[in-house]
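Look below for two forms of one protein chain, each set out as structure tokens: first structure 1, then structure 2.
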Structure 1
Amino acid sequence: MSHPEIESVLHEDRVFEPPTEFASKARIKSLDEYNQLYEKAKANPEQFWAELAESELHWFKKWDTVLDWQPPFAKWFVGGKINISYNCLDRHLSTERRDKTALIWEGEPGDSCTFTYAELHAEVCQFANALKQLGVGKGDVVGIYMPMIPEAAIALLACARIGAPHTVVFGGFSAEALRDRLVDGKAKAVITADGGFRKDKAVPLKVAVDKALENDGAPTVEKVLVVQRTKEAVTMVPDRDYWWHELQPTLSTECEAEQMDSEDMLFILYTSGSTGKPKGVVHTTGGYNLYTHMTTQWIFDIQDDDVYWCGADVGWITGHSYIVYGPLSNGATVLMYEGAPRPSKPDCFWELIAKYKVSIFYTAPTAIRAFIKMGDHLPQKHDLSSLRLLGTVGEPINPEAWMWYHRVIGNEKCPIVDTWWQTETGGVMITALPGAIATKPGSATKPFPGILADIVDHDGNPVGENEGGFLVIRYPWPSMMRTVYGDPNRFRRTYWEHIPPKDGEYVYFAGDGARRDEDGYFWVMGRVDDVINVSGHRLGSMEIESALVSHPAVAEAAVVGRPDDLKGEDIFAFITLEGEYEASDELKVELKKHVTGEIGAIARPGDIRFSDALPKTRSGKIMRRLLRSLAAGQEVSGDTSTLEDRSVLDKLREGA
């Protein structure tokens, strides 16, 4: 389905230059330096990536061809031999990083541990040897269904070490969702735990694996490796299920890294479709290793003394790229946390930053809005002075949430990198480089060097300055997804033919609407599915939400279109309020007036519904598709396996 341009109406003119002291020590120190890198990459992308691949990574054998591009299918560093686990671990062991802390882990109940690079290498080798002992070899797919414990990261690296592609299923998914992914990926083994801790309770996991596998539900699965975390009673099936703590003492701490072809599959990661079965996004080895390595280095400005914390779960692409592979490939010190802010410890994030002197913090706008709602007094109780860089990921950030993050968490001294990317892109595509690019609240700023981003209409023609359109990428990049697992036609159709190819040029369509301003800054306006057509005006839901959130009463807003006989669509807003405010008809009137003042009468919501919470995926994204069904009075359908809390949906229904 094609869409014409999206009107862009939110005006934001605050600009924050990189702090002089930060820029002076940064890896990329100025706008001139960024521009030179960008132009060099644009002029000869293959040479740009080849030089970085040679200087930044370890290869067992150099490639024959940098890029083989048969649109829409790409192969990078063809013929090269590499291992991402080797690049994350082994190559640091002959340097002073051998005894540097690689991983700091804290469990929700307060237990903790650390691993140096040498210790992490030993653990990964043992885990890899356990997989081999269970009959897993190169090319065998391994399902991983884990809590946020060190063994989750270790499992990824162990699979990569022996050339067994992993498919991580987030630990909050149901047994049915797990089964669907194990079946589609033809997994040979599953790595899980008895359970994990989240929000002050033990969350069982092994029981869901048992349910997924019962009655031959996933017939290709032969073995299950179980890590003991909660010590809850679980059923162990003889000759299928094995305890990690029983196997570990018998295993060698040496395991040679398999020499993988650059294009060998590294992992499958499932992303929800709005209808039908989830899509298995396939990523391969060499290009993904290079791109996550470079984006981590330049965007997060990783220095040897940093303590870096990405608050995502290993189960999402953010966890793959920016907890495990990107940071460890750079020899960084990474913090992992099992828990989440909860009534018994709402300030746990700020406590951890103070405790471990975290210098780089990367989280989602959804989390930031929740922090705002909890109150400034919580972060202000803790010493956050170690922070030097902040980042956001997952969806566009409202300018007001950006300003709070800048002021309260960053103490007005930390640059903010607002990163736009997707499971499919493998790594960050549009972002500020913090020492080089001035930031504007709500804008992802500029494309990463080597990324040729554009904004086009539905025929593929570039649109003008400050005109809304479709965000596309015009040239292949190393970490791009290679296909949809088992369904190359779906890959071609979904990502490469939505905007019709012109003169043989295929462009990657991201599914997002965006505009580019007079400074060349990109403003992502949300999923194209979230465009609302009011009397012929096409409005991005993101901008109306930003206007609503800028009112002091509003903690969070989700805006969808509702069918309307007169206007085509009317604007329907779902809103959660700040603690001291109460829902009332007077407040509805006030909020409608506020949006009119911020944007104009065309964007005034026709209806507002107050709610204690909004339906979100377990990665924190608001499920607007479900809200559209509710607003239209329709039955909610499609894939709801990623929904975190079904009761939120039921309450919204009752409030209709």
Structure 2
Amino acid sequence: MSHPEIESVLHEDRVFEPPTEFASKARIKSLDEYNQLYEKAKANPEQFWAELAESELHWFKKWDTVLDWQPPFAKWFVGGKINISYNCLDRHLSTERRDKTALIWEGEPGDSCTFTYAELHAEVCQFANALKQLGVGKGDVVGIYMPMIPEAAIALLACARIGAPHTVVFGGFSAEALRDRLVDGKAKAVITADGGFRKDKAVPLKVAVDKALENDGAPTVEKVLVVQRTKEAVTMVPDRDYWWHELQPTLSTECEAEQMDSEDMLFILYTSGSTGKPKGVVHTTGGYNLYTHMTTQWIFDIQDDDVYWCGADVGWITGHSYIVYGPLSNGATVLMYEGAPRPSKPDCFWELIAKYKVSIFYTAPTAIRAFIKMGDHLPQKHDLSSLRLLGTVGEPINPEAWMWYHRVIGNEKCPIVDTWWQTETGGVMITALPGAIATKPGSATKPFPGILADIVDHDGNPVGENEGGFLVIRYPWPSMMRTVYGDPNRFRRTYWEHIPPKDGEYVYFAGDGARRDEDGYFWVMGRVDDVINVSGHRLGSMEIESALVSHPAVAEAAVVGRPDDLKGEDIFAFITLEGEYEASDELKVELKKHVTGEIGAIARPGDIRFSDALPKTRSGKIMRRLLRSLAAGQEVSGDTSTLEDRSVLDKLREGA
């Protein structure tokens, strides 16, 4: 049985074999090699991961048990002692990588700097010592609210070094959203900057931290460490706020890495779900280190002379796993960029690729669609011949965008890895290995070795070839999320009991619809829950609804995604007003501003429609399916018999 909301009309025959030259030098060189790895991992996942953990990572003490699986709670490498900051830095210092460039950073206004592994190690140690001096120690949660400057990566590594779990809040989130996350995570300290540069403007960050903390808003926060970036004026609160550049010269460049338990919490990262409150996704140390290390190595085919650039922000999981931890654990050279394409510099990405001879480039479909709109002449002005591998992440890529990426950016010679994964999975789950797996535009292709992916119906029964169903994972993997911070029942319910466990076999429910074709290729079609994917960013409809109803004019709100050429989806809000308020364009503007203040600009509705009533079932549940059709301007199809008041639909249509 296929799910009514999962349908795929896509038909795609184009197949691109791994280029021979690429495959001959790749980490994984052929389909046979992939198949062997896949079968080996499937036959004995514990042994597969244990061998890699042993050969690829440094452990202070080896584990006693590879996997302790008490569904749905997993522990990996139990009893092992490890530090991911050590694996990303210290262990390279005794090799020729010591003086290799670890980080190349380019600022938005055009300033830049680089760090060798030795320099990055010294800087991270000083930063860790600063945290210690502020009273932060093992187990203390640290909030990080930063622009895309080297200190963002350094802050992560410094926290990991002393065993203080970090919780990064994307710099585009509002003071409100920051406060909620600091409170939920019980953060003891916050690392921030005066501000950052975005699209030719300095945007403040420290004022948002001040606002989040005012009136004892996040009472657990004791100290704030502030990095100077924009040099705009900020207020420093005595005995709470400290400048990094004032502390740094006084601090030692040595700080021994804490020996962490493999299962000690490495970080919390909040992400939207189908209910109102963002979930704190918990990741731990050993398994996450191993999985991000291996996926970086095999999927991005990292070689010693590569210059690797992932265009994400450190505030998202992609930044955690594939700007910081995965690449540095492999000793790669990583490019980090503060800016973004903007009218004054529409070709800044291509300029950077040419300037630094970037060989591996990883971005999102929404960015690719924006590049297509800007025109081929922009990339064609620059020498992109250093590129040898391209990647995408965040949402399904439409085949024509894939073809453009392949032709215009990849010059028809670079393999493309379309990587499907989530904040919860910690690392990439379904993807091509570029030297081994032929690609089809729009398909993420095959599961990574050790990942048992499947497509099932509501009851957990596998669906047939090319039939739509729910994407699930049938066995634990090292970087899986361990729990929802402070709410293990929510973890159990949301991810492991959505598909009812059968005979004690639990399957992980990803929340995506997908199908598998006749060649075993996965085609991910998008969320099947009330999560909206705007430009590759995940937003819960209920979260935005809560923000809307916190405005005095709003009685009720229903938020859905509407297909959008550039963003993938845009946010469409249906609203009923409190009696004394009247619908107007000014009110629309005000409500959009209100959501920006409550959550951040990424959650601002693209469109708002006022209405007398919302379509509901007899039990009072808003029928978002109908609203999605209306928002997309489509005829409302499917069953409407459960609708309580059918005239509501007609009125909503008239309101268009």
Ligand code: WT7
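Counting starts at 1 and follows the sequence of structure 1. Note that the rigid core is defined as the largest set of C-alphas that superpose within 1.5 Å between two forms. Since the model is a prediction, treat every value here as computed from it, not as a measurement.
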Choose between structure 1 and structure 2: indicate the form predicted alone.
-> 1
Is Ala444 part of the same rigid unit as Tyr581 when the chain is modelled as two bodies moving between structure 1 and structure 2?
-> no
So how many degrees does the small rigid bit swing against the big one between structure 1 and structure 2?
-> 135
For Asp529, what C-alpha shift in Å results between structure 1 and structure 2 following superposition on the rigid core?
-> 3.1
In Å, how far apart are the CA positions of Leu630 between structure 1 and structure 2 with the rigid core superposed?
-> 7.5
